[in-house]
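In structure tokens, the next block holds one chain alone, the form predicted on its own.
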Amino acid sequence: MENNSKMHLKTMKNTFFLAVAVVLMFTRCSDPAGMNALLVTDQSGESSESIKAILENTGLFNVDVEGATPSLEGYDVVVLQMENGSLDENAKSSFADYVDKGGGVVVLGAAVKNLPEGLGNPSRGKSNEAYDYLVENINTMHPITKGLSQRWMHNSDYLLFNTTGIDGEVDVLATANADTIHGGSGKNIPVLFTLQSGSGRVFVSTLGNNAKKSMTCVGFIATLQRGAEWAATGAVTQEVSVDFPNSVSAHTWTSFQPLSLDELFEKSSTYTIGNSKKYLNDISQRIRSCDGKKETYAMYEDKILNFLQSNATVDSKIFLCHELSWIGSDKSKNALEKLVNDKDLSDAASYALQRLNL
């Protein structure tokens, strides 16, 4: 399989681009902040609740969860998560019509078994173990992938081989290498791609097969959220998180959303030299990527000044003194002048004061 962002249709009828769910009617919701999403799943408990939480955390979707034969009237996007079952031919035909008329769909993981022949082969199996693997965005201009790291680590997941030999009118957004060590072919295979039929849009992700770990990957969460919005509207309005993973390390959100600023400060409070600076770096990145308004910098300044008065470690306070050195006001100067007499923070406070007085 070549890493081309476009693969051309060989033999497939337009009405069979995807078979995903039973749809009786489709009504486009006019309020972008109140779109209706339906998760069609044969999974229960943690797995389906995780997908529901990920979608609702965007603030864009109200999510209902149903089994394989729901009524889908009024839904803007349907998310199919079926690990074991396949939909019958009537459901496939109904959904082909739904997509052609403008329905938005997200297909997850093993649910690609419901794609037409040539777009997914469920018999090809998966990697022999869950592992961290590198995802490469090969279409970096698509709304779903635009702005994301071009190469990023995905956390502890089984790589599905069921898109090997994919053959159809699809737009491949991202691939991963099916490493022979893990039972793969050694070739790069699609893990994110899109289909379009009529005025409808379909986003397919084969990530998220190791529920307790891979679904907390920021890369999985972000691409699912962005893919669902694109499927529903044709656009993506969500900003890229500052802690989206890179090519070196995977990042996770245990609650399927970024930590709040107060949570970041709390987790940073125990930092000592030699340990990870992740949470401190996240604070730093948020400051640098903020809107640059005076009141926003003042908010960060107040939080850092409160942190310097807390029982946090000396090493974490030294790090944040350096942040004050470029965002601080006269309020910071007064606080830092007092810290010059602190034997542990004297050097950091003096450095920050010197920069602020330039």
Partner chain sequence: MKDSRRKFLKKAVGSTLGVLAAPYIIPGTALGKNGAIAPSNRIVVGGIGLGGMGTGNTRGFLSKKEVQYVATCDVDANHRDKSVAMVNEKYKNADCRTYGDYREFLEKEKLDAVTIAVPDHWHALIGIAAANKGLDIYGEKPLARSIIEGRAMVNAVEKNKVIWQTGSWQRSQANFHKGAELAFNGRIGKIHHVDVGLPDGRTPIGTPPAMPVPEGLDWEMWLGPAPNVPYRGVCHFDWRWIMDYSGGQLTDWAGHHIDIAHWGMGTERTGPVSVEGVGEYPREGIYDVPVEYDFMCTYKSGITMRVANRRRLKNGMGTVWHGDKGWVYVDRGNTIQASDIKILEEKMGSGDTPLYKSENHIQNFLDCIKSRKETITPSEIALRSISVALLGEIAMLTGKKIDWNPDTEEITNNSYAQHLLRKPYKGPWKLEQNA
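Positions refer to the first chain, counted from 1. Superpose the two forms; the largest set of C-alphas matching within 1.5 Å is the rigid core. In this text, all values refer to a predicted model and were calculated from it rather than measured experimentally.
One more form of this protein should be noted, the form predicted together with its partner chain, which is absent from this view; the next part is about it.
- Item | Stretch in contact, per heavy atom within 4.5 angstroms of its partner chain in the predicted complex, of 224-232, 73-81, 242-250, 177-185 | Residues of 242-250 come within 4.5 Å of the partner.
- Message: Counting any non-hydrogen atom inside 4.5 Å, which residue from L305, C290, A53, V314 sits next to its partner chain in the predicted complex?
- Response: After the contact test, the surviving option is C290.
- Message: So its partner chain isn't shown here. In the predicted complex, which residue out of K277, K267, K213, K146 has a non-hydrogen atom within 4.5 Å of it?
- Response: Going through each option in turn, the one that passes is K277.
- Item | Heavy atom of I273 within 4.5 Å of its partner chain in the predicted complex | Yes.
- Is the gap between D282 and its partner chain in the predicted complex 4.5 Å or less for some heavy atom pair? Because a heavy atom of D282 falls inside 4.5 Å of its partner chain in the predicted complex, the answer is yes.
- Message: Even though the partner isn't displayed, in the predicted complex is D347 close enough to its partner chain, meaning a heavy atom within 4.5 Å?
- Response: It does: once its partner chain is placed as it appears in the predicted complex, D347 has a heavy atom within 4.5 Å of it.
- Taking the shortest heavy atom distance, is S325 within 4.5 Å of its partner chain in the predicted complex? Result yes; S325 sits at the interface with its partner chain in the predicted complex.
- Could you run down 330-358 and flag each residue that has a heavy atom within 4.5 Å of its partner chain in the predicted complex? Result: D347, Y351, Q354, R355, L356, L358.
- Core-aligned CA displacement of E136 at least 2 Å between this form and the one not shown: False for E136: its C-alpha shift is below 2 Å.
- Message: I want to check G186: does it shift between this form and the one not shown by 2 Å or more at the Cα, with the core superposed?
- Response: Not so; G186 is displaced by less than 2 Å.
- Sense of the change in Cα distance from G274 to K213 in the predicted complex - at least 3 Å versus the shown form: Pair moves closer in the predicted complex.
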